[in-house]
Ligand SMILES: C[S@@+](CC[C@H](N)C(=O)[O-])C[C@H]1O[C@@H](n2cnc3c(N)ncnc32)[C@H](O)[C@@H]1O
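What follows is a single chain, given as structure tokens, in the form predicted alone.
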Amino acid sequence: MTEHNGDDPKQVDSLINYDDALKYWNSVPASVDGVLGGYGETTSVPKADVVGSMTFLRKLKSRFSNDPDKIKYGIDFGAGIGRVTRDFLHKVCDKVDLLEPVKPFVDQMRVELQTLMEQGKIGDIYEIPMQDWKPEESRYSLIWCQWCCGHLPDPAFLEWLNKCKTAIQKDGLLVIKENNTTTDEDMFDDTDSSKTRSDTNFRRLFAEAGWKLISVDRQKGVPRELYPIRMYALKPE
């Protein structure tokens, strides 16, 4: 893995190549270990991740979608093999859509989520990149994006944030869970042609796109050698 950094996020953005990213993700196993970059079931990451996400949302329970007459739709961005939906999202949403462009992951997702499909907990599966998403207006009470927005340069990420405004219900919530650099600079990773944003840049982009940051927390219980992981809860301004 080679990392590049620079003061200007545009410099890092210019290195991102979506075709290279797809090539990489199509080459890794369609498993928990594969989608988590080697930090699979033999590490603390999967369990800690789910506990951290659930704890974070419980703190925000009063802040989104409490109308019992509404179906609570969620969407899982960069869904991989469906791990986040399988272990967490289906417990806080009535029905979950998933978006994942890597075909082997989608194939495995249909296996992992078969029981939830039979229970009517799974909605649409979009086999497209997140930048190609065309959302239905006011569909979602919870938009969950985890470990995938680093494949979007800042301008494309801002466009996606604007689409989320269209897709979210009036009382809905957008949560972005991502690695952060330990400095104020973004870092490029040529392994999967993505970038890791600084906390500073995330907050700048949220503000520029017109999203209010209502809560942020750092993931606990993961190996120290990993980047810091933060969960950002957002509502439209």
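Numbers for residues come from their place in the sequence shown, where the first is 1. In this text the structure is predicted, and so the values were computed from the model without any measurement.
From this point on, the text means the form predicted in complex with the ligand, which you will not see here.
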*Single option in 36, 60, 50, 175 placed near the ligand in the model of the complex, where near means a heavy atom within 4.5 Å*: 36
_Heavy atom within 4.5 Å of the ligand in the model of the complex - residue from 88, 157, 73, 105_ = 105
*in the model of the complex, which of 76-84, 134-142, 113-121, 161-169 comes within 4.5 Å of the ligand (heavy atoms)?*
76-84
*Taking heavy atoms only, is residue 100 within 4.5 angstroms of the ligand in the model of the complex?*
yes
*Would residue 148 count as a contact of the ligand in the model of the complex, using a 4.5 angstroms cut-off between non-hydrogen atoms?*
yes
*asked:* Taking the ligand as it sits in the model of the complex, is residue 125 near enough to touch it, meaning that at least one heavy atom pair lies within 4.5 angstroms?
replied: no
_Residue-level contact is defined here as any heavy atom of the residue lying within 4.5 Å of the ligand in the model of the complex; does residue 22 satisfy this criterion?_
yes
*Quick one: which residues from 124-139 get a non-hydrogen atom within 4.5 Å of the ligand in the model of the complex?*
129, 130, 131
